[in-house]
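Form predicted alone, single chain, as structure tokens, below.
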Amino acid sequence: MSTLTVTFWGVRGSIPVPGPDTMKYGGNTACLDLRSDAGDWIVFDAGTGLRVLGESLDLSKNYTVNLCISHPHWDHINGFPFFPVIYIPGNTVNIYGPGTFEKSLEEIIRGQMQYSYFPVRTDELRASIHFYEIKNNQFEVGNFKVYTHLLNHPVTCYGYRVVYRDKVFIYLGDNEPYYNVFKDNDPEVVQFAKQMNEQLIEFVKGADVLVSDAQYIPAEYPKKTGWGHSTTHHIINLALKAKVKTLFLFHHEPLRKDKEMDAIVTHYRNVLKKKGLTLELYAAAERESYTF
């Protein structure tokens, strides 16, 4: 039987929030990796958690790192300059991700290491850096077949579906359900939003593990509508509709304290148990792994 292991290195949204109230789940921004029992390895997003991942590596060895960026907002890329692998000759870093209508993926990554922002430019990095801009397509990384899906966020943002033999893993970085922004009950817009949300269910369907943005609880959402993030309710319902086996809530609201995260997980586990539903539910926590 094949196995995959997902490890979380940064689980927060928006901004790093280290401190006594985030010690259990962690305060670094988005970064996780997926490893197969055959040695395949993908890193998802390069938030400040990427620095923590780098600290875990034996840097006397050479690495080929395949880094899939969901989108180029700060909390998903600003750990890259602090990833020690990029400074060591013999290493290779393949960066996959979307550009925007303003800049290519390469321009975005290079931009945050310009002279005004950082003392080292990407041209001075010693590892071999390669950029692969994706546009809703699929590609292979070793034994991994990787499929992408456009998500609803205020910049081009992709979700990733990784198929490895009999296992399916899905990462949805930042995503808000589609809705009629005009709130005018236009049937065409309502139907369009419905279709887009159904396409995401199809993309997620049958996953062994889903890691997804669940930044808000429903009570917070009315003031955050249009910010490009999901609620806990939405993503649990998505997982149930798509018959996902295990769900990790991710991209935690930066102001959410550990005890509040515990309460959210306990609440939903009780609801699932009361309804007789078998979905396994966790909140992603920094430096924790899950093998399936």
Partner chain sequence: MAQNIVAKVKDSIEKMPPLSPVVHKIIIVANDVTSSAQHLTDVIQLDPVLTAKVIRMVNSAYFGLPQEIKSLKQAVVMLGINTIKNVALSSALMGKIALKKGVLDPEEFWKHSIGVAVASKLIAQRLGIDKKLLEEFFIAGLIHDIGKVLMNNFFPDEMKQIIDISQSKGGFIIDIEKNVLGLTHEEIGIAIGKKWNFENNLLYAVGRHHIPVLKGDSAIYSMVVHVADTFSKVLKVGFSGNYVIDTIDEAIWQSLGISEEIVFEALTPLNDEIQKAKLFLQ
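Positions refer to the first chain, counted from 1. These figures come from a predicted structure and were not determined experimentally.
The following text describes the form predicted in complex with the partner chain, which does not appear among the structures shown.
- At the 4.5 Å threshold, heavy atoms of D186 reach the partner chain in the predicted complex.
- Contact check for Y158: a heavy atom falls within 4.5 Å of the partner chain in the predicted complex.
- At the 4.5 Å threshold, heavy atoms of Q199 reach the partner chain in the predicted complex.
- Proximity of V120 to the partner chain in the predicted complex falls outside the 4.5 Å heavy atom cutoff.
- Annotation: in the predicted complex, residues S60, Y87 and Q112 none come within 4.5 Å of the partner chain through any heavy atom.
- The partner is not drawn, yet in the predicted complex one stretch among 167-175, 67-75, 94-102, 200-208 has residues with heavy atoms inside 4.5 Å of the partner chain: 94-102.
- Only one of F131, Y147, F192, F82 lies close to the partner chain in the predicted complex, with a heavy atom inside 4.5 Å, and it is F192.
- Residues are counted as partner-facing when one of their heavy atoms sits within 4.5 Å of the partner chain in the predicted complex; in 121-151 these are K135, N136, L150, in sequence order.
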